[in-house]
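One chain comes next, on its own, written out as structure tokens in the form predicted alone.
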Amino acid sequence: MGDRRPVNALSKALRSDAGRGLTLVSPALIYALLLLAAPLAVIVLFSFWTQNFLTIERVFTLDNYRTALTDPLYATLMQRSISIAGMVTAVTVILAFPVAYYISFYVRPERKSLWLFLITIPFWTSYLIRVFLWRVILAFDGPVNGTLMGFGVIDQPLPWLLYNATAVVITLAHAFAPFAILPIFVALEKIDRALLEASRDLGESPAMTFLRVTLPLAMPGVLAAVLIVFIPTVGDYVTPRLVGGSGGTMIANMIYAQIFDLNDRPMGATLAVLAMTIVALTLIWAISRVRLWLWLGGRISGRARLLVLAAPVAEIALIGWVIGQGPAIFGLIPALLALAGAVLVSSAAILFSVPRGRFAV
């Protein structure tokens, strides 16, 4: 008889809580690996190849990355994508919070389901149709300009409502509003109302109760809304294509053009990899720095707090200097790799050493 100890150990491990949990999630994990990780690996592999007309040359090279990182057009599109996604996230979350707050605190429990149902009604219509509707609404001869001219507010139609970054922000903010309302609402629903009553019993005003109790406890939902809105809007393609015009073109439009219009799949894959990397580094840097600044702000008082406010400005200026001057001094690839490594190492050190603050960041 063979040694059955490995079999018995495996059987014991599968009967444990961790083993049962792993068995439960393994189908979804395998599904995600096959449909997400495998295509992503193919995209990364494509980015190191080149294309000669209809033939893909499977020779490892960094030429695509050198071109993508040195061409000012790609840098402009990536910067515009990050800024538009940031504006969309800010507008969406700021407008979504009062809606979620009203539903959670002022709507009767038996009617909350109805309100959430009404919020999801836009999903009944195709996303493409909703974008087309905003294209009609913001048009030169659309209802917005017509209404303003009818009331005498303006003498001629506003030309900046459509085919620019403003139109992209408006359309995306409407499209992603439910994605921001729902996680904030869930976080607000989890707040123990007894904490709010205790705050008021101790003499706090409604405004200070909101700032010191409600907002910190709702911050996990706000952060979830920020991530849910920011990440997909960076790579949105349909909205900039239909309402953005030349001033609202984003990096996803260039990726599409490289793959389908210019027949350069490796360059399109390179831009996609760079976009994912930049978005990931941006989010990691932002989350870690916000945690650090909030932690320092809670322990420093007086004029020393000005240093906390000056720190992000100084670091952003330093990053901008490295991006602008680093390639000329150290070389393109070494400068960018050093910057990415510094962001990752410093962010990891902050996230592992600095505890979460009262805002749950």
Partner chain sequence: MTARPLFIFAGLYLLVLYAPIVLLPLFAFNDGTVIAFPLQGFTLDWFAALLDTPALHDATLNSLIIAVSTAVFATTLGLFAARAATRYRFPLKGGIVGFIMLPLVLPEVIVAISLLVVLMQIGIDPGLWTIILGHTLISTPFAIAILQGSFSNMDNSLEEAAIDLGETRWGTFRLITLPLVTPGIVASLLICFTISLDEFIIAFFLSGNAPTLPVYLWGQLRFPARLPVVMALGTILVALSVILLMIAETYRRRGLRRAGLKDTGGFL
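Here the structure is a predicted model, which is why all the values come from computation and not from measurement. Positions refer to the first chain, counted from 1.
Although not depicted, the form predicted in complex with the partner chain is the subject of the following passage.
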Interface segment, criterion being heavy atoms within 4.5 Å of the partner chain in the predicted complex, picked from 260-268, 156-164, 284-292, 82-90 = 260-268
request  = Could you tell me if all three of Leu188, Pro334 and Leu339 have a heavy atom no more than 4.5 Å from the partner chain in the predicted complex?
outcome  = no
ask   = Which residue among Leu307, Ala328, Val59, Leu35 has a heavy atom within 4.5 angstroms of the partner chain in the predicted complex?
value = Leu35
remark   = From Ala75, Val99, Leu148, Ile278: within 4.5 Å of the partner chain in the predicted complex by heavy atoms is Val99
Partner proximity in the predicted complex: Gly245 to the partner chain, non-hydrogen atom cutoff 4.5 Å = no
message = Whether Pro109 contacts the partner chain in the predicted complex should be assessed with a 4.5 Å heavy atom distance threshold; does it?
response = yes
query = With the cut-off set at 4.5 Å between non-hydrogen atoms, does Ala317 touch the partner chain in the predicted complex?
reply = no
inquiry  = With the partner left out here, check for me: in the predicted complex, does some heavy atom of Val345 sit within 4.5 Å of the partner chain?
reply    = no
inquiry  = If you apply a 4.5 angstroms heavy atom cut-off, which residues in 229-245 are near the partner chain in the predicted complex?
reply    = Ile231, Pro232, Gly235, Tyr237, Val238, Arg241, Leu242
